[in-house]
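One protein chain, two forms: both are listed below as structure tokens, the first as structure 1 and the second as structure 2.
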Structure 1
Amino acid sequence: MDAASLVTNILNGLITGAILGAVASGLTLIWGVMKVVNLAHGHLAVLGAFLAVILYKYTIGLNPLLAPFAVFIIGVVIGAIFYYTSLHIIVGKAETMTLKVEMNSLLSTFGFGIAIYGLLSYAIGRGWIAQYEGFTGWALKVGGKTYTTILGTNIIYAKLYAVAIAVLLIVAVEMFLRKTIWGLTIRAVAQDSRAVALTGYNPVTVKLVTTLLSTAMALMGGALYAIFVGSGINPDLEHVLAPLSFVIVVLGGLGSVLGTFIGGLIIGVTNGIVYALTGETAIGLATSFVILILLLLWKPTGLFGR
């Protein structure tokens, strides 16, 4: 392998990593704050990707550049459905997350996830939407060109745009968590939900808001992923997005949005380098999971966790 292709793979890895970081960032919030390991996260992201395509192709012809924002807003609504169907009864009133509650939430989010998977497959089976299609035929052009050249690597503008929005999302959420009173409350619930109740905030409401935000971020991450890959959106993407999200969240540290983003970059670059060395995507993915298991065993708090 020569130096130029290594640079190319690292650059592509950084871009992929930024998108994956954005996809995973919603998970770190719900996991870190509510201690709910959301197994529906990957499915929600895939749903976001499909919604972006649906908005563009099958309904109002929304410009893909605006899709992430529209999908974020739809995500809030879906988050409410998610919370009231799968989480409220199990974790809404739970003051502390016992192992039993944790397991039940794991299973119920899992049930919600496969229901989404089933609905998407159904819609595809009935021919309402097409898979492997994405934004085929659409390209972001600047000055008549669809790509720019950075360090000898051709990079599509649409991917750069997705990365820019991903960074924007991370910064916005990080600011929200640090500067606004709601953000502070959410972070406080992660530390001591009873103390938050004493200050007059209803922990149940905080859990609801956290779920809404986390879900909206998952869907928006999926929409960014749709712009990033351009085509090839299908329900089974979940099998890549969900496990990678877990790897990234654990790597970045639970509850740390910024950490998740950096974790995403690390995983992206690792996959890029492994791919450059072996020529097999599968080995790159397998490496990520080996990293996950080792991390869980040796430093489950991650790089930026408390």
Structure 2
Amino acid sequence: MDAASLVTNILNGLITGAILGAVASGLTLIWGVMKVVNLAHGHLAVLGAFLAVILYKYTIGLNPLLAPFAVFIIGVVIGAIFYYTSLHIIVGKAETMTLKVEMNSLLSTFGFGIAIYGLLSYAIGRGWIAQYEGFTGWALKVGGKTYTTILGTNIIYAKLYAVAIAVLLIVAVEMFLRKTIWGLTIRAVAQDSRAVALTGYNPVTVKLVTTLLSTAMALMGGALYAIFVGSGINPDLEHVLAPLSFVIVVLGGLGSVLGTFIGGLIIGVTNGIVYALTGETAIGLATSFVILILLLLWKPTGLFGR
């Protein structure tokens, strides 16, 4: 391994980590605020990736630049379906998350995720949609070129665009949580839902809004991932996105959207360095879980958790 190869893998790791941080940000919100371990998160992200492709390729020929924003809006609707079919009865009016409530919500989100996986697999099997194996529609050109060179590394403009939107998403959600009444209320419910109820706000409504936002973020993250990878989008992608999302959320700290994004960057750079040293992506994935175990032993609340 030479210095040029190391720099290339670190840059690619930063880009990958930014996208993974965006994908995981929806999970940290619902997990940190509602104490719901959303096992459907990976499936929701994959659904977002497929929706971005469908909007562009099969329906209205939506510009790739706009696809993630359209998927975010659709995600709000799917979030409402997710909440009322899987969470409302279980956690809507629960003042404290007992073991029974946690297990029921765990199983319910797992079932919702499997339903998404089944529907996508059925649609692919019937030929209604195709597994996204890559096409040139995502190519973005600046000055007649589809890539730029940074520190001797050629980076596709579409990937840089996806990173820019990921950063925009994180900044927008952070501002929403810190500067708006609804954002402050969501953070308050994460600390003490009973106290919030005494101030006149309905914790059930806050939980609904949290689910809508976290689901929309998961789907938008999946759409960004589709632009980023350019191929290989299929229902089984959940087996990669879900585990990495859990690692990144725990690393960043539950409920910290910015911490989750930084956690994604750390995991991305780590995987890039490991790949530069070994040439194996599987070892990088294994290293991510080694980091998770060490973190749980050293700082269980995560880097930015409180």
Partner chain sequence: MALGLKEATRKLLDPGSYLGWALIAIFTLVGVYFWAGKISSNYPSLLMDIMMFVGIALSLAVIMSFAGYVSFGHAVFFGLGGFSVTIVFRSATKGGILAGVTSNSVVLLVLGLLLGIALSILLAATVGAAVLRLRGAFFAIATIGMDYVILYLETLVGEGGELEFNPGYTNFLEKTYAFFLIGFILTFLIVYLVRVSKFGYGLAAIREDEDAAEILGVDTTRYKIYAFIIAAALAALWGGLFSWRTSSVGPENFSLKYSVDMIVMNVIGGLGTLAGPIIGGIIYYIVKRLTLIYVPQLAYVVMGVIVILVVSFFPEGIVGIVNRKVKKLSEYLI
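Quick caveat: nothing in here was measured; it's all calculated off a predicted structure. Along the sequence of structure 1, residues get numbers from 1 upward. Only the largest set of C-alpha atoms that superpose within 1.5 Å between the two forms is called the rigid core.
Of the two forms shown, the form predicted on its own is structure 2. Put the two forms on the same core and the Cα of A282 is off by less than 2 Å between structures 1 and 2. Core superposition gives L297 a CA displacement of 3.5 Å between structures 1 and 2.
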